[in-house]
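This document starts with one chain, in the form predicted alone, laid out as structure tokens.
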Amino acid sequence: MARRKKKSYIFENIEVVDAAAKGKSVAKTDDGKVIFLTNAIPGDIVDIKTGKKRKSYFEGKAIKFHKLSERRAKPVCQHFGVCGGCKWQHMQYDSQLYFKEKEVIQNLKRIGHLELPEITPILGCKKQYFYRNKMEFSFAKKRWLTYEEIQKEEEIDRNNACGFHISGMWDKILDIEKCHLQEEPSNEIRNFVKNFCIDNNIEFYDPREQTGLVRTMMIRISSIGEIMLVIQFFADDIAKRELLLKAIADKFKNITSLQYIINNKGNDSIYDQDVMLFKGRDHIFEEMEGLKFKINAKSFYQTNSDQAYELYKITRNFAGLKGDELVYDLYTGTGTIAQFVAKNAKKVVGVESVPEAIADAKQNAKNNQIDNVDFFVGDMAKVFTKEFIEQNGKPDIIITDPPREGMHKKVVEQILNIAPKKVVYVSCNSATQARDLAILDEKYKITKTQAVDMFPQTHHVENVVLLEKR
């Protein structure tokens, strides 16, 4: 039964029945209208207050819980519910895996209208916390206040935050005391830097006024224990910059790479900025199955090192290489997959649009003494042409791992024109993957599919599909 309250509705005693995209959950009204919720999980019975009303659905929030789901877990993080980084901490891990796999299957069937083979069960992650090798934190002159803090009568110090952006708000930062996503000394480093800046009057950045000094902090910790710290400053205050960096170097002698950036433009992106070395190397190393990968401040590398190894093993297994194949690795990034499968192939050709990534790929291949890989840089839709195929050979197998938006339509069409024996499609977005697979369905059938959980406590999931010619 619903009752009208101003411009919103209240729905009472509604069961949450499913999980949806972007970490939301689904409930349904008595007349079948869908309500997307941000703070409940399947199995909860709740009262709901709606916010936005769309043509075919509502967006709302649970305001009272009559019964808690058996799928619930106790969140371990003190920031859960305010920080948007781990939206599924309140859900048991086996249920997280269930709904991730379900979403992948639904997308392949509903969006792609694809016929699926027997599903290989989703591969869960052994480490459900402290699994990320890279974290980025932002500084802000004013910190975000929680609802509970606002309700208190006493005066609250809201100066200085170092943490994460509030979802959808580019200028609001939640101050983080302890994050459960990256192993130590991540929290120790972040808290030291924050407190040192406060104690020594090193100003935090104000994104609206564009004033202040310390702007962002990136911490990378590789699987072999090497640590990179990059501090981004808004202005070039040499005395304060040197003071902070020297204090960090003295405190954390195990930091492999300590670097900084002076960025006085409007956004935090570092890809058009010079990265300056303060101490140590300008890179760290990752290792996988005897291969070493050089990682610099701008390098892309899968952010869950242990699970990336599992993902790549599945990819290689799906490819079923016998040693005499020419393999194309599209969207190769720093060439990790290309080098990982190279020992099982005759030759691997990697293509990527980011010049720095290709430079890393070439250097890594040289360091790993892999001589049967070639890397090319350029926009995939423009490089991956008939002429490119003529110059480099027709591939027997294509491995593709595109960004979230999926493959460009021209790339999909070119795959159909080339018609390799197999295509292994790795995706971090099963919706765009399903869209592309629907086009490839003209010549290919799915013979294997397996989801891989790279990001526990979140709704994100990778999926690997093997296509073979009909």
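Note that this is a predicted model, so its numbers are computed, not measured. Numbers follow the displayed sequence, beginning with 1.
Below: the form predicted in complex with a small molecule, not depicted.
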property: 80, 135 and 163 all contacting the small molecule in the predicted bound form, non-hydrogen atom within 4.5 Å; result: no
property: Residue contact check: residue 332 to the small molecule in the predicted bound form, 4.5 Å heavy atom; result: yes
property: Exercise: residue 302 in contact with the small molecule in the predicted bound form, heavy atom 4.5 Å; result: yes
property: Any non-hydrogen atom of residue 144 within 4.5 angstroms of the small molecule in the predicted bound form; result: no
property: Any non-hydrogen atom of residue 51 within 4.5 angstroms of the small molecule in the predicted bound form; result: no
property: Contact assignment for the small molecule in the predicted bound form, among 75, 393, 84, 378, heavy atom within 4.5 Å; result: 378
property: Of 210, 128, 353, 372, the one that lies within 4.5 Å of the small molecule in the predicted bound form (heavy atoms); result: 353
property: Stretch in contact, per heavy atom within 4.5 angstroms of the small molecule in the predicted bound form, of 340-348, 115-123, 395-403, 290-298; result: 395-403
